[in-house]
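As a starting point, one isolated chain is supplied in C-alpha cells, in the form predicted alone.
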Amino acid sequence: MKDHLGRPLVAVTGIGIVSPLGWGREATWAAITAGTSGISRIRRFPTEKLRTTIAGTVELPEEAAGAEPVSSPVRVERMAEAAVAEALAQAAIGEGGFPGPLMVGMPPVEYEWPQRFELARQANGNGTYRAATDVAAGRSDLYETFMFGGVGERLAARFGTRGAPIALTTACATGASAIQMAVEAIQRGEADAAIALGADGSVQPEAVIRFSLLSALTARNDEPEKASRPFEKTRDGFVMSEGAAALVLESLEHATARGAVVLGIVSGCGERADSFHRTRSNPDGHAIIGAMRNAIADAGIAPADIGYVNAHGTGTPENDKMETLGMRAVFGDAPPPISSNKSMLGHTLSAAGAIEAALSLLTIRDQLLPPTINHVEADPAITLDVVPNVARQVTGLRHVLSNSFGFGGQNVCLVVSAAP
C-alpha cells in the first residue's frame, strides 16, 4: 500500500460536484458526456454596456424562487457545503465528525457593490474606503461574511473536521492546490483522511469587469452555448463560471480497513511557478512543462502511461497555445487525447482544478473521454487530438493527467489513476 517513494497511497472514496450543469456529481457528469453547454446569459445583475454578458452560473434554490442574489462568499459556502455533503455520503464517512482536516480552495473575498453602496449611503454619500470602514464599525455581519477564512471555519464546524481548516488561493490552480495539500498531508502521515475542496462563485459585476479589462473573456454573447471554444481556431477568450467540487481522500490502508469503496487514487502531484507576467506564462513554457513532468514523475510512471489529459483549456489564444507547447514537450510526437471540460462548464476559476480532477476520476470509471464541444474549425497551430464535439469510449485507461495553469504563473498538475 506504498507508492514508489515509500509513501502511503492516497485513495479517493467520495466525490461531490456542483456546477452550472447541475447540483450533483452524476447530473454534471451526464451533461458533460452528452456535450451539453452550461453557459447562458447573466440574469443575476444588469449587463447593459458590459462587453461580456454571458457566464456559467449556479442559482441557489432561493434565488430560483425569486430571492435577491447573494454575495460571492455566501454562494461559495453554499455550493461547497453541497459538494462536501455529497462526497461524504458516497464515502460513507464522517457521521459524527470527519477524521481529518479540511483544505479549502476558494477565491479572494472583498465586499461587493451592494455593500459599498449601502456604506456610502450611511456615510452621507462619501464612497471612500476610509469612510466605509468608519461606518462599518461594529458590523460583525460584514466581517464574518467577507473574512477570507470564514468560509473554511464554518464548513469545518459543519462537518466536524479536525484541526484548523486551511484556506488557500492560487488563481486558476486553486482547486488542484487544495488536493495537493491534502494528498501531501496524508503522505507525510499527518492525517489518515482529508477533505479537499475547490469552490468559486465570482460571477458578480466587478469580477466580470476586471476579467474583461484583462482581455481574458470572450464577447461572443449572441449564442452563449457556443461561446466557449477551447483549442478551436476562432477562440477569443474564456467564459467565467462557478461551481464546487470536493474529494474525500484517505490513505489506501485506512480506506481498505474500513471497507470503503475506492474510486481511484491521486498518484501524482506536480507544481512549478514562474513570475513572468500577471496573466501570461513564460513563452519558453518551462513552468507548465515542469509541472506536468513533475506530476508524472511523482506518480512513478512514464509519459506513455498517461492515456488522456484533462486540459486546462480555457479557450484563450495564449493559454491553448502554451498548453499545446507543453503537451508536445512532455509527450513528444504521440501525445494522448486531450479535451477541455471548460467548453461546456466555462472556467470555474478557483473551483476548476477540483472539478476537473473529479471529472478525471469519472473518466476512468466509465472509460469515457469527455468531448471538447464547439469545435467547428481546427486550428493548424493546435496539433492535438482534442476529442472534438462527441465523447469517446475507450478501454484500458488507467492514468489521467489533469492540468491547472493559473494567472501569475501558478501551475499545478495532478495524476489520477485507477484503483490498484
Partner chain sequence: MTRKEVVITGIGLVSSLGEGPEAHWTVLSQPGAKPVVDEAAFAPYAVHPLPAMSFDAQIPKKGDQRQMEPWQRLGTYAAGLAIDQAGARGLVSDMHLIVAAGGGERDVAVDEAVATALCATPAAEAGAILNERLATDLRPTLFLAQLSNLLAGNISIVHGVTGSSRTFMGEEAAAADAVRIAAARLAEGRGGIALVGGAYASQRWDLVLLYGAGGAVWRGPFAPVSARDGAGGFVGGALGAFLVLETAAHAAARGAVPLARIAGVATDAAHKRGGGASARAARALWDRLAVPDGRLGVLSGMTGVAEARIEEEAFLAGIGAAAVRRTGSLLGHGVEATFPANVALGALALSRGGFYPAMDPADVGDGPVDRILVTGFGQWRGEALALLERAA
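Positions refer to the first chain, counted from 1. Basically, rigid core = biggest C-alpha set you can superpose within 1.5 Å across the two forms. Small disclaimer: the values here were computed from a predicted structure and weren't measured.
Separately, the form predicted together with the partner chain exists; it is not shown, and the next lines address it.
Trainee: Work out which of the listed stretches, 246-254, 319-327, 151-159, 81-89, brings a heavy atom within 4.5 angstroms of the partner chain in the predicted complex.
Mentor: Going through the listed ranges, the match is 151-159.
Trainee: Could you spot which one of Asp134, Asp192, Glu225, Asp305 gets a heavy atom to within 4.5 Å of the partner chain in the predicted complex?
Mentor: Exactly one residue meets the criterion: Asp134.
Trainee: Which residue, Pro337, Pro99, Gly300, Pro205, has a heavy atom that falls within 4.5 Å of the partner chain in the predicted complex?
Mentor: Going through each option in turn, the one that passes is Pro205.
Trainee: Spell out, yes or no, whether the shortest heavy atom distance between Gly332 and the partner chain in the predicted complex is within 4.5 Å.
Mentor: Flag for Gly332 set to no.
Trainee: Does Glu144 reach the partner chain in the predicted complex, with heavy atoms at most 4.5 Å apart?
Mentor: Contact with the partner chain, yes.
Trainee: Just to confirm, Asn126 within 4.5 Å of the partner chain in the predicted complex by heavy atoms?
Mentor: Looking in the predicted complex, residue contacts with the partner chain include Asn126, since a heavy atom lies within 4.5 Å.
Trainee: Hey, in the predicted complex, is Phe407 touching the partner chain, heavy atoms inside 4.5 Å?
Mentor: Answer yes; at least one heavy atom of Phe407 falls within 4.5 Å of the partner chain in the predicted complex.
Trainee: Every residue in Trp29, Ser40 and Ala311 with a non-hydrogen atom within 4.5 Å of the partner chain in the predicted complex?
Mentor: So, no: the whole triplet misses the partner chain.
Trainee: If you apply a 4.5 angstroms heavy atom cut-off, which residues in 110-126 are near the partner chain in the predicted complex?
Mentor: Read in sequence order, the residues that approach the partner chain (within 4.5 Å, in the predicted complex) are Glu110, Tyr111, Trp113, Arg116, Phe117, Leu119, Ala120, Arg121, Gly125, Asn126.
Trainee: After fitting the rigid core, is the C-alpha of Ala123 off by 2 Å or more between this form and the one not shown?
Mentor: Superposed on the core, Ala123 moves its C-alpha 2 Å or more between this form and the one not shown.
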